[in-house]
Ligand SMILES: Nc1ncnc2c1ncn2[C@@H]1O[C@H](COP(=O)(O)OP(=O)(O)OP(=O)(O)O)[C@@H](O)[C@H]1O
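Next up is one chain by itself, shown in structure tokens, the form predicted on its own.
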Amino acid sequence: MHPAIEISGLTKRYGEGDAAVDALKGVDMIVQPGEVVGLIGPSGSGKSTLLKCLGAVIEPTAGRMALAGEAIYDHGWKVADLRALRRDRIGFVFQAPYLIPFLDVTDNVALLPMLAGMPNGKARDRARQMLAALDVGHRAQAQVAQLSGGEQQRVAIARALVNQPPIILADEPTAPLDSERALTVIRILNEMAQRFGTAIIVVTHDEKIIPTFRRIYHIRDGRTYEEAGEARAA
């Protein structure tokens, strides 16, 4: 089985000449299907740049990225439709839920499969199933403003998972939450990774959740260093 995510020698340079800044300087990373990996490092170390490259939001300068053995970037994009790549193969969870306030919970989750061409009824059925799996099925018809912060983040996770992408990129998903809710979000991400075989990268500064990762990548000065996390298999 191929790794879900494989990055080798990835670099990203902003600017040219004397003004050039190397945000990434040869990043290497492997994440297996069903694995949740932490990515930690100080501000300005390259975490956000790495996620934007992997999420096909910005273009790297050099290196290689592959999803499930298929190169998506190899010293140039190998995928013709980057928008479809982001929609169908990559889920995003952010620090803020970014839910659409004039849509109810079900339609917030169903919107992505609708945009991918799924019939509206089937998309809403899938959305309700995902909401139920995340224990917010009883809020399916609620408006966003009626949800607690923890409920909103669960809905955001349901939205990221609804198309069953092979990878999810989570950028500080627990930052606005208290300890109990933060640990609940990480537990949910681990459960969903196991259930769907999703590879998940979690960028975080949150000291509460760092001990939950079995593998951690530190990023410093644009380079990655792997270490075992504190949460190890029994």
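Everything numeric in this text was worked out from a predicted model, so none of it was measured. So that the term is clear: the rigid core is the largest set of C-alpha atoms that superpose within 1.5 Å between two forms. All residue numbers refer to positions in the sequence shown, first residue = 1.
There is another form of the same protein, the form predicted together with the ligand; it is not shown, and what comes next is about it.
So which of 191-199, 64-72, 174-182, 36-44 is the stretch with heavy atoms within 4.5 Å of the ligand in the predicted bound form? Heavy-atom contact with the partner occurs in 36-44.
Thinking of Y14, V21 and S48 as the candidate spot, does the ligand come within 4.5 Å of a heavy atom on all of them in the predicted bound form? Yes, because Y14, V21 and S48 each have a heavy atom that approaches the ligand to within 4.5 Å in the predicted bound form.
Report whether the minimum heavy atom distance between R187 and the ligand in the predicted bound form is within 4.5 Å. No.
The ligand in the predicted bound form - contacting residues of 192-224, heavy atom within 4.5 Å: Contacting residue: only H205.
After the core is overlaid between the shown form and the other one, has the C-alpha of G15 moved by 2 angstroms or more? It does, since the G15 C-alpha is displaced 2 Å or more between the shown form and the other one after the core fit.
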